[in-house]
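Here we start with a single chain on its own, the form predicted on its own, put down as structure tokens.
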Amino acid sequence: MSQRKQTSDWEAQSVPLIFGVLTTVAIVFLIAPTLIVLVTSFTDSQSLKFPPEGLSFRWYLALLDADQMQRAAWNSLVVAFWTTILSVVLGTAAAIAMARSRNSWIRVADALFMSPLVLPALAFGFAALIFVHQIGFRPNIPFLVLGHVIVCVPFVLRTTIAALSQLDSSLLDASYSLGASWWMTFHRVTLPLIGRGIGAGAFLAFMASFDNVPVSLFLADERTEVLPIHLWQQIETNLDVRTAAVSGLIIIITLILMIIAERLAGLTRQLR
């Protein structure tokens, strides 16, 4: 009896310790590469090396004359903007339809919408390229945006469904009983209450589109170069130090946007 109690006590003490160690290792592997890139971006040397011999903003200032990188960044912003708009419209509409329905096809529809996150990204990008050629078209900006939308809609869908699950249906019933139409109820009641969930999904969709490599690799045409692909090519060819500066700038801007999204939309709360 005492041996069983000792075993139970050992398990109660060791399991939290093991999970704590695994969590620490995961955090280190997630944060350490980001910190290395961020520190390397301030190097004063002509080549990428860590730790840097000296610190300087020279490569950040060099981005002001990097015309090709600026064009690639602008293309990524345009694609991410339209992807976010379409993802918000489609994801919100799908979330409302799925949240209000009790039919058995909801699970099938949910699995279909979430499937782009389950499929390997490279496989989806290659399949999308084959499909575009099969219907007689060539890769271009509209198809690139469409491919990004397919990948990014699940983010908006998931956060919006989470927000709708917390919505008190009696508020909608009260609006209808007072003579409000469906559109007025949605505009005056539903949308303000789920706005934070939609905003959190829009933020995730924008970042996922801006940083997407697999879909952009296959669906961008030869005249359109997005920033992730441009950085990938620069790293493969000449290890331009400006790539570290661009990466550092993306990290800093992402952190700022995450703080803003947390303050305005409660990003962490919406993802629970």
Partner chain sequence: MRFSESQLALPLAALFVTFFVAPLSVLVALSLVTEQGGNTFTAVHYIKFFTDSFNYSILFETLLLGLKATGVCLLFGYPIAWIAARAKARWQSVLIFLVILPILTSVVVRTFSWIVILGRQGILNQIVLGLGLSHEPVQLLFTEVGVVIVLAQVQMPLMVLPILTVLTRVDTNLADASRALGAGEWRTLWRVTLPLSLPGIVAGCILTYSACVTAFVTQTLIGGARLIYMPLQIYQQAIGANNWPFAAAISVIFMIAVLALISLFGMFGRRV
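Treat the numbers as computed from the prediction; the structure is a model and nothing was measured. Numbering follows the first chain given and starts at 1.
Same protein, other form: the form predicted together with the partner chain, not shown, and the subject of what follows.
With the partner removed from view, the residue among 141, 150, 73, 161 that has a non-hydrogen atom within 4.5 Å of the partner chain in the predicted complex turns out to be 150. Under a 4.5 angstroms non-hydrogen atom cutoff, the partner chain in the predicted complex lacks residue 43 among its neighbouring residues.
Within this chain, residue 100 lines the site of the partner chain in the predicted complex, having a heavy atom no more than 4.5 Å away. Contact check for residue 199: no non-hydrogen atom falls within 4.5 Å of the partner chain in the predicted complex.
Contact between residue 31 and the partner chain in the predicted complex is found at the 4.5 Å heavy atom cutoff. Along 74 to 89, a non-hydrogen atom within 4.5 Å of the partner chain in the predicted complex is carried by no residue at all.
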